[in-house]
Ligand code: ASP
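Consider the single chain below, provided in structure tokens and representing the form predicted alone.
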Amino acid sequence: MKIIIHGGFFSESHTNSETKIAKQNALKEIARKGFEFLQNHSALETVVYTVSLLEDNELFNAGIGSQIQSDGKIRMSASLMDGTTQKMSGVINIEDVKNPIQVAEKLLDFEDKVLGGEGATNFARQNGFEAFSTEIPQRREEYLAKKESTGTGTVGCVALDAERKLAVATSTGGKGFEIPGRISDSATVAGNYANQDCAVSCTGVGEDIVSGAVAAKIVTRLTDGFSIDKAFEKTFDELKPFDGFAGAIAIDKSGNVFHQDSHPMMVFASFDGKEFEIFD
């Protein structure tokens, strides 16, 4: 059993700031909790649980830590994918929900599996998700000061369970100050994809990840016979012509854990029950 999570890109990655240390500690604790949960749950249940923990931590740009858009509102996106059934579900630009990934999970039971905007929010209300303001003072201060450099964050989790099944979940609070209606990569197969061979979650600039079809390409290449490192290498090489800003985490069916970023500022952690790896 394996688990790897990411907390997006952060400008303080190359510093020794208190914020960086706090994020590293939070990732380590969440990875540990996620792995403990995995002992008695499926990969699919585990990625939802773990991403919910990330959404509940205001250090990360998802859930209660989400960015504010140009009209002053918060809209979030999230999705998950079961590598065994190859079914994906998600929400795009949902509002006033604490854990968008849990709404995405609920949609797995419905024929219409990806909802956006008002429809996603209405679905959440109709299915017992109470209204919850995700705005925190720090994000409002950033919005008022127009500090647009903060918005390259997303959170994600990939897990391999005891039955060798894979799953992935990804959640984002957006890039901040975007035009209302903008679609990120997080609820698309470019940013969140899995099958029986591999599962991948991405973070970075959504437009670049969509242009590179990053997650889907990596997974497809493994299915076609590439090793996990070579699948990453070729996919990230294809980002270079437009200087694509992306990072990705993955686990394959053999339990190989891999990560790569095009601009080394991604923070992530993995745990296999014996040792942690913390990267930034």
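Don't overthink the numbering: it's just position in the shown sequence, from 1. A quick note: this is a predicted structure, and the numbers were derived from the prediction, not measured.
Omitted from view is the form predicted in complex with the ligand, to which the following refers.
Shown without its partner, this chain lists K106, R182, K98, K165 as candidates; in the model of the complex, only R182 has a non-hydrogen atom within 4.5 angstroms of the ligand. Per the 4.5 Å heavy atom criterion, the ligand in the model of the complex is contacted by stretch 174 to 182, the sole one of 82 to 90, 174 to 182, 129 to 137, 113 to 121. Residues G153, S186 and T203 are all found to lie within 4.5 Å of the ligand in the model of the complex, as judged by heavy atom distances. Looking at L160, you'd find every heavy atom of it more than 4.5 angstroms from the ligand in the model of the complex. Contact check for I209: a non-hydrogen atom falls within 4.5 Å of the ligand in the model of the complex.
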